[in-house]
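A single chain, nothing else alongside it, follows as structure tokens in the form predicted on its own.
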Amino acid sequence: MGVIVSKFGGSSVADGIQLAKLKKIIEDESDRKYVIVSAPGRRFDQDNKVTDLLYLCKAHIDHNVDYRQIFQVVCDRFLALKMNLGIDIDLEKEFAEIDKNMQNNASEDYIASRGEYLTALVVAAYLGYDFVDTAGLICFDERGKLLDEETDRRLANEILKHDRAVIPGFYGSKPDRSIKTFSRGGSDITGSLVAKAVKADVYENWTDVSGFLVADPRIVKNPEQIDMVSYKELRELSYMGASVLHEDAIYPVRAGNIPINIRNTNAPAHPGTLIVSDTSKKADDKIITGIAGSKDFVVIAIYKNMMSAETGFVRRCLSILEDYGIPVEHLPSSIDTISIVLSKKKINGKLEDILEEMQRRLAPDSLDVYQDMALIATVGRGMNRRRGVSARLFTALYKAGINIRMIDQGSSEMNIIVGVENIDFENAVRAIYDTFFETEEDQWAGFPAEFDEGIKNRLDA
């Protein structure tokens, strides 16, 4: 008998109907022993996520505004679950404890985490499983950094005492026992940490979609499903905006060589997407696995003659950004130029100060800034063993009338990143998708006449 760890997202625990689906999924497979839950999500378009309401409670407290009406909405959500599921659990006692802590200036992390805490209590009572709190098990240091080894040891020691358990996602604690949350979507990380600790055979992540799609369906109509993807490919896609799974959830299961299965609570018979360590032996011959990207980047292009002979130039560039606390997204370069790609959101109004500092400390010959840029990553295990991939991609963008402002290919040859203007983002994604999922005979249709058969063949090579 194996062990399956199953994490259910906010849409999967939003109301009694969804929780009934969750229970059937758990009961249909006896190996599903450990269940991680998020806080309830939206039940309909105009509804609120419980976590958003809890953050709003904290904002009211900080501004000396009465929060009780909002907190009552949260309480009513859980009381409705209790009534609909017919479970015996003293939620009023839990509400009173949370309210008392909020009145005593509880931290934002503590308040936000109570959605997962209460959901886990409700689901444990509904399934007849043990409740295991992650406070004291998922460990952060005083600065909020996850302590991987200590977390793995504590989780294994506690959870393996229980044959079956429900565990709240999203949070752990610091050495002083104060609650510390992950970033939003962090219940995925909790599930991954639990799967590693108990040496699970599979980590299931249940959500409201049947796995990953090759491209964003809001941009590409009916994109193909990705049935299998490697950890490395998923890391690239998640970083560039594919949002089905929190990107940091990959590391623990990858270290334990545990497959992740993305499944749909509303379509449990669908096999979803399987995430594994190696897909090289997979039977299909797909060149690319997925296309992902996002908008609103800033590119700082620095030119300096003989840059390559100047020791420490790149280090000084990066140290300036480090001083301002701004991470670098990408760093394509040539012999005398370097382009620094930054998130506009993370620059946070500091661009002019950064440019002045670069002029002063680097003395460049030119310093150009390109704003409103979008990055698109084309990712695939087949790219490094197939000729003509770059040619097809650039040809597709040429035919769509899209100007490429930046090109960056990783050393693994698993992805090609192109920079385009924000206004061209959606058309660029569609063009790339179409060229890799059309028939081989059609891929050169419409190519300019001056590119004769010989040139086309050289590009293919």
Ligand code: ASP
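Numbers follow the displayed sequence, beginning with 1. Between two forms, the rigid core is the largest collection of C-alphas that superpose within 1.5 Å. Here the structure is a predicted model, which means the values were calculated and not measured.
The discussion below concerns the form predicted in complex with the named molecule, not included here.
- Comment: 36-44 is the region of 424-432, 388-396, 60-68, 36-44 lying near the named molecule in the predicted bound form, near meaning a non-hydrogen atom within 4.5 Å.
- In the predicted bound form, at least one heavy atom of G185 sits within 4.5 Å of a heavy atom of the named molecule.
- When contacts are judged by a 4.5 Å heavy atom cut-off, Y203 does not count as touching the named molecule in the predicted bound form.
- Shown alone here, T51 lies within 4.5 Å of the named molecule in the predicted bound form, counting heavy atoms only.
- Scanning 136-170 for heavy atoms within 4.5 Å of the named molecule in the predicted bound form gives just one residue, F170.
- Once both forms are overlaid on the rigid core, the distance between the two CA positions of S30 between this form and the one not shown is under 2 angstroms.
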